[in-house]
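Have a look below at one chain only, the form predicted on its own, in structure tokens format.
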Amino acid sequence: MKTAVLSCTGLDKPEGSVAREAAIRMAEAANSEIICPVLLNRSLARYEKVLADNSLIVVDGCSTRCASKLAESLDLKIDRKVLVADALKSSGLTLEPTLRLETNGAALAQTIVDGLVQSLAAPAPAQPSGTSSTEFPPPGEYLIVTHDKFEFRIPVSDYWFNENDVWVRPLGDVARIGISDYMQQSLTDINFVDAPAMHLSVEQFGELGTLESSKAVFEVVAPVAGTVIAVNSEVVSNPTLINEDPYGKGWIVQLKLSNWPEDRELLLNSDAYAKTVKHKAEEA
């Protein structure tokens, strides 16, 4: 598989230096094209052919995820994402406190490249019915909204929300849908998930099933338009996963997006949704 790599520039954090080095090593190991984020931001046309001919890998240094945000703002299809901060936790290494690449930083960059090369070479595994091979890494950082004794978490990046407390996380032309931490706490223990049918086409703000708890029945209002390509069977059989991990294992459905650039205009980013949650909590 031919690949192109977009990484953060790595000028102000050790993790960024690792991201830059990983991009360079991917170019050497897999003959990947390197995309400069500055040039991409100034002139998308410069990279149109590269992006059309290659699978896009994005390597972010820290949870700010500058490279991912740039790609998403340009509506680019991202096939693989790597966050150096997450890779660092998994590796057990400690980065040297310097912007120059030292021993541990170089080792981490090589580990990232080895993992990418291996994933590109491996055949795609067969997928059970109702699932998808698209990988969505867990959120790296949260905003915290507090009210009385309650704390409500909101992922800092990659998640968008509607006013109905339903989130969407796009990755290329696919997106996962779930409910926010605020809503799962409001519902308390969720005991039933009525999921939508596979291949159902839904418009933005249409219905994507319902959730039931001892307190209420909650309609999952679609934040985006698309077609259902996966239902989280684990959540259907164990609805409390939504309470335990609303932004990760507790996702509900996965859609093939049909109108993302326009739909996004009617959604709230993390900062805007945090203000909405604060207002709702105060009014409750």
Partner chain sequence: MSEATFMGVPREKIVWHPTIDYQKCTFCMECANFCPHRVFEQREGDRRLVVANPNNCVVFCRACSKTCGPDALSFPDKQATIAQIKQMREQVSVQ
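Superpose the two forms; the largest set of C-alphas matching within 1.5 Å is the rigid core. Positions refer to the first chain, counted from 1. These numbers come from a predicted model, not from an experiment.
Note that the form predicted together with the partner chain isn't included here; everything after this is about it.
With the partner omitted here, the stretch from 207-215, 139-147, 94-102, 173-181 that lies within 4.5 Å of the partner chain by heavy atoms in the predicted complex is 207-215. Taking non-hydrogen atoms only, Lys89 approaches the partner chain to within 4.5 angstroms in the predicted complex. Contact check for His279: a heavy atom falls within 4.5 Å of the partner chain in the predicted complex. Using a 4.5 Å cutoff between non-hydrogen atoms, Ser73 does not count as a contact of the partner chain in the predicted complex. In the predicted complex, Ala27 stays away from the partner chain, with no heavy atom inside 4.5 Å. In the predicted complex, every residue of the candidate spot (Thr64, Glu219 and Leu266) has a heavy atom lying within 4.5 Å of the partner chain.
Note on contacts: among Lys69, Arg46, Arg42, Lys249, the single residue with a heavy atom within 4.5 Å of the partner chain in the predicted complex is Lys69.
Only one of Glu203, Glu151, Glu135, Asp189 comes within 4.5 Å of the partner chain in the predicted complex through a heavy atom, and that residue is Glu203. Contacts between stretch 1-35 and the partner chain, counted in the predicted complex as any heavy atom lying within 4.5 Å, involve Lys13 alone.
Relative to the superposed core, Ala225 undergoes a C-alpha shift smaller than 2 Å between this form and the one not shown. In a rigid-core overlay of the protein, Asp271 has its C-alpha displaced by under 2 Å between this form and the one not shown. After superposing the rigid core, the Cα of Lys249 is displaced by less than 2 Å between this form and the one not shown. Compared with the form shown, the Lys89-Asp271 C-alpha separation increases in the predicted complex, the change being 3 Å or greater.
In the predicted complex, the CA atoms of Asn232 and Lys81 sit closer together than in the displayed form, by at least 3 angstroms.
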